[in-house]
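A single chain comes next, written as structure tokens; it is the form predicted on its own.
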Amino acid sequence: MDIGPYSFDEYVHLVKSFHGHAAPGMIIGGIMVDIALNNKPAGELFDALCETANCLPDAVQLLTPCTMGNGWLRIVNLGRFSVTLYEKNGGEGVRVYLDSSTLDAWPAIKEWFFKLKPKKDQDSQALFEQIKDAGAKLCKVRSVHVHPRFMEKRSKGSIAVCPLCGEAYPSKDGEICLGCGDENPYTEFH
């Protein structure tokens, strides 16, 4: 089984290097991205939309040119393990999702996915073997059209300098930066 241009084992090694460990969600995510890539027109410029912030966006960033940094990957956190690759301008695309109705055939995957056992009690060897054996059989594919509001390009707009901290920020955020407002995530030590 190949995932993108990689053998299964090469992809698992890549996942370990990128994600810090062989995350099952990233491996299944790679299978899903591969399915999506193989079900969209060749040569089409596309963006990606993930319906979860966990693992799947990392698989998209490894296997496609879509990243959070370049704005071609959007996360709409609906809590569903699904990825859509869609044509940048028209929104026609393919949505791939983990089909939970298949998981009875793959008990280790079901235990992991539904968190039926704590991680420490899961059989990781069986989990990875079942992921490799199941491959694309874990997924469903649907043709979709992405709604225009999810295709809008995000721009920072004009930039201002915060009068309190002196740092640059998007002026659309108001008279002061969000960090000097109520969005500061930390306390600074001087």
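The structure presented is a predicted model; accordingly, all values stated were derived computationally and were not measured. Just count from 1 along the sequence shown to find any residue number.
Although it is not shown, the form predicted in complex with a further copy of the same chain is what the next lines describe.
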{"query": "Residue 7: touches a further copy of the same chain in the predicted complex, heavy atom cutoff 4.5 angstroms", "finding": "no"}
{"query": "Exercise: residue 38 in contact with a further copy of the same chain in the predicted complex, heavy atom 4.5 Å", "finding": "no"}
{"query": "In the predicted complex, residue 105 touching a further copy of the same chain (heavy atom, 4.5 Å)", "finding": "no"}
{"query": "a further copy of the same chain contact in the predicted complex: residue 175, any heavy atom under 4.5 Å", "finding": "no"}
{"query": "Option touching a further copy of the same chain, based on a heavy atom within 4.5 Å in the predicted complex, out of 138, 127, 146, 27", "finding": "146"}
{"query": "Heavy atom contacts to a further copy of the same chain in the predicted complex at 4.5 Å, residues of 87-104 in sequence order", "finding": "95, 97, 100"}
